[in-house]
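Two separate entries follow, structure 1 and structure 2, each one form of the same protein chain as structure tokens.
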Structure 1
Amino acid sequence: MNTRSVGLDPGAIARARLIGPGAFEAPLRQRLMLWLVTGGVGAFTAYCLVLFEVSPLRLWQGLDKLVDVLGHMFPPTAKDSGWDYAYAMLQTVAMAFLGTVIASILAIPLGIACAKNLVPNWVVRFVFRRSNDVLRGVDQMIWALIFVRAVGLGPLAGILAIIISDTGTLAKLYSEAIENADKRPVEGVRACGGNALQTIRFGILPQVLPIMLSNALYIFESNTRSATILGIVGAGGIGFYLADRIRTMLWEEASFIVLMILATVYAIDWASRRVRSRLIGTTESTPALH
């Protein structure tokens, strides 16, 4: 099969440029806006580097101390507190689990109240959405400090901090899942005479429940790491031991605790990923052995 190239004369190119100038070059206003945004981001980045005194010399000077700390962290040692560490790690996982379960339940009605397709009144949606913003807009660490003051030291403060923060986060995720649900099952339930509760029960929940469970599992995985940090401010768990060992410069024991946390997070990540893949109807591919 013979082919031949077809060229465009300058006149055809000029006419095409007149018809669709955007296909050849972005408008001047758009280019100016891009240059302005790029320059602004670059200037602000440079300002932050100067403000925080970030320099290669300072990083190089701190490298010696970092190497020294890492050298003291090996070999990891548990000494006489291995079982105490294991119990504290179990306590941290339990904090994350209980806080996630309660937050997942509380977020369901809040997510429904924020969904446009179920609550047409914008005033109601606005109130609930801004309430969720308040719940998740404050970091878990801040909530933990507040609850440590209110209920005292221990896991209860961490559980309450996880519940408050994650209720707002999950409510937002649930509302987005509900708004993206297929309208046909909902219309079918309403056409059969179903009320509002029946519409949610039979038209919405069967579609979004796997997504809700998947989101809750991901939050649980994230909370396992967060609960570790909450222990540093007095909310109990393995974070208390980690902060104490770092403060007293017992780097071998701190390294052992960090490895415990990494192993636990990896195990929960692996298990939750498998469960999520089943919930959303997909299976992870396994590489073939040759």
Structure 2
Amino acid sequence: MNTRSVGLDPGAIARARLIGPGAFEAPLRQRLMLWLVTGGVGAFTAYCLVLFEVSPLRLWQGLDKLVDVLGHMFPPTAKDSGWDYAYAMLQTVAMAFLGTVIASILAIPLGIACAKNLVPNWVVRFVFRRSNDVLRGVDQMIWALIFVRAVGLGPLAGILAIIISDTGTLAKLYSEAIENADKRPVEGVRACGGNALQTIRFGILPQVLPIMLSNALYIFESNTRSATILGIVGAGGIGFYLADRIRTMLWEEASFIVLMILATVYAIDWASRRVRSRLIGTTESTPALH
């Protein structure tokens, strides 16, 4: 390589710029594009902020109040409802557990019905996939609110909400796992004269079971988090107390509950990682969901 021609003297730099302008800066069109996009995003964001009446004064006053609230949160205390909180927290985890177990079982037939390699009929697949979309597209909290109206206040509404929304999610994940399965074992079982059920049991299940379990565990972790807020609409668990303590401005107790939630979520994540590594030999969670 000729290093002398591109030394540090200005003449050489000018010559190099002439030979290869692309090495010094991006073409004009690209730079214009970048400025346009940046300007567009900036202008749109400004429009949003104006629409939502966000002003420095409002932010400042809010922050002032927030600092005040944070000051009142210490020290976190349970007063005399410690046992109530502990039981509600336990109920939260129970709701997540029960909901996940039922959903992961219900999702198996649904997942199979959505898998291309098992159900060649596209009409059937289409119907099941779109109904999955509806189950997943409506947020868990909306389901919870609806079930509270239908079956009354309490954890049952929360469990049903978890079951409904996660059956959709898990069915989608299951069907993807089934579609990605190696088809050679399936052909092997078929060639030996296995019927449809045997094909699934011996050709597909051994391949997808670890993935399904891993997904179910992952959903359990995620449900422990989301079950903590189901109580805000009266669907059982700790959320009821938390919302109530915040609304009545009992900040010390609210911060106690938040700390309890943090500890529980960490504990569940840890336990779930242990179980996953025992069952499947990997500690990695599904990245596509977090």
Partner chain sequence: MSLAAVASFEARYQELRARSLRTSVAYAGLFGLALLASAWVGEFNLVKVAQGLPRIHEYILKTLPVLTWSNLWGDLAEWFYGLPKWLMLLWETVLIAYTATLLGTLGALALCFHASQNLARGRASYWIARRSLEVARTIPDLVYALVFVFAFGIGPLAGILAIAIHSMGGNGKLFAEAVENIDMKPVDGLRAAGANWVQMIRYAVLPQVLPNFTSFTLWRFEINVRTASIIGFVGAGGIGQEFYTAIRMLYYEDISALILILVTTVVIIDIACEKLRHKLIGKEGLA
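Here, a residue number simply tells you its place in the sequence of structure 1, counted from 1. Whichever C-alpha set is largest while still superposing within 1.5 Å between the two forms counts as the rigid core. Remember, it's a predicted structure, so these values are computed and weren't measured experimentally.
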| property | result |
| --- | --- |
| Index of the chain form predicted alone, chosen from the pair | 1 |
| Did Leu262 shift 2 Å or more between the two structures, C-alpha, core superposed | no |
| Degrees turned by the smaller rigid body between the two structures, as judged from C-alpha superposition | 17 |
| Core superposition result - C-alpha of Arg58, shift between the two structures, Å | 4.1 |
